[in-house]
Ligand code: KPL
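Here we start with a single chain on its own, the form predicted on its own, put down as structure tokens.
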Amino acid sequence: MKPEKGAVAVVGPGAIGGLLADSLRRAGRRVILVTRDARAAGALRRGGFAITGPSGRTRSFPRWEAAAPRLKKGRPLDCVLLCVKAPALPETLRRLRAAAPKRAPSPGQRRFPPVEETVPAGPPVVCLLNGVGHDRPLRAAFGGRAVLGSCYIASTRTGPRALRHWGGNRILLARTPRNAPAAEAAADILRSAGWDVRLYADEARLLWTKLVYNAAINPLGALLRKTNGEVASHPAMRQLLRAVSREAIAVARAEGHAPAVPGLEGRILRDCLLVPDQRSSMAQDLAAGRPTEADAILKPLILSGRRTGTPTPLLTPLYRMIKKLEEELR
């Protein structure tokens, strides 16, 4: 008899989290959606959501009963997938701490113990956030259960409870000496749901490769208000895309994190053309009136450029323009 599959929690069931949740449920897992608030959870329990795949076919889920704004204490889980945006990470960790069992701190112990001590013990916690800088708080929270990763999946929220998967199915997870068992367990769970999961030994290089990728695509699509395909197809926009890619790659190399993908500049261009109707996540955030991930994607490259003496004549104004648009939305 095969062992019973345990539950998986998806924290942040948006464009990526919703896809992962759908695939895991179809693979026979119980999937708990952890939403930003009780209203969002109630909407999912009542109306579910719909996913349109690369073929154009739409699957609808009338109800998703296991949706809540927080995890229940003591719930056994096989894996936790953090799919929130970078600006939401501090609040997400705070909510996890708030949901943890209360106990009197021992002498000398800080008031809020690491999440690793209090959330349901054991399951890997996979973080698929864009950008860099989230590794330290995650390791402080989850210790050897923290698994950082990058996904190369083109997905868009087309409505409050509707997603469009344009293509892509690759997920890279960092396996280090500290988190190897957790990384391997998480990889097995995601593979069972049909994802192309690969383990990578250099965590920093993995994250910086996706950082360059996002820095090239996201701000241009948001500022030009064009899809990835439109940016990559227009001669002038394509030239700008290549120039931003080269600048970001130069910064990453100077920082000591050469891209893990050979010919990344060309790969970025090709990937944009493969999903011509996809809008960048920064464009989606600005359109929805949400803060972008500019501080997690563009700012680290600019600061690194200053440290290493690598010019950022394109990344710096792109960052400033995105931040200006964010201010106008407040």
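The structure displayed is predicted, hence computed values, not measured ones. We number the residues from 1 along the sequence you see.
Another form, the form predicted together with the ligand, is not on view; read the next lines as being about it.
Asks: So the ligand isn't shown here. In the predicted complex, which residue out of 245, 214, 179, 92 has a non-hydrogen atom within 4.5 Å of it?
Replies: Answer to the contact question: 214.
Asks: Ok, 175, 134, 257, 210: which has a heavy atom sitting within 4.5 Å of the ligand in the predicted complex?
Replies: Contact with the ligand in the predicted complex is made by 210 alone.
Asks: Within 4.5 Å, heavy atoms only: does residue 281 come near the ligand in the predicted complex?
Replies: Residue 281: contacts the ligand in the predicted complex.
Asks: Report yes if any heavy atom of residue 83 sits within 4.5 Å of a heavy atom of the ligand in the predicted complex; otherwise report no.
Replies: Although the ligand is absent here, residue 83 would stay clear of it in the predicted complex, with no heavy atoms inside 4.5 Å.
Asks: Can residue 153 be called a contact residue for the ligand in the predicted complex at 4.5 Å between heavy atoms?
Replies: Although the ligand is absent here, residue 153 would touch it in the predicted complex, with heavy atoms inside 4.5 Å.
Asks: Given that the partner is absent here, state which listed stretch (246 to 254, 217 to 225, 136 to 144, 191 to 199) has heavy atoms within 4.5 Å of the ligand in the predicted complex.
Replies: Within 4.5 Å of the partner lies stretch 217 to 225.
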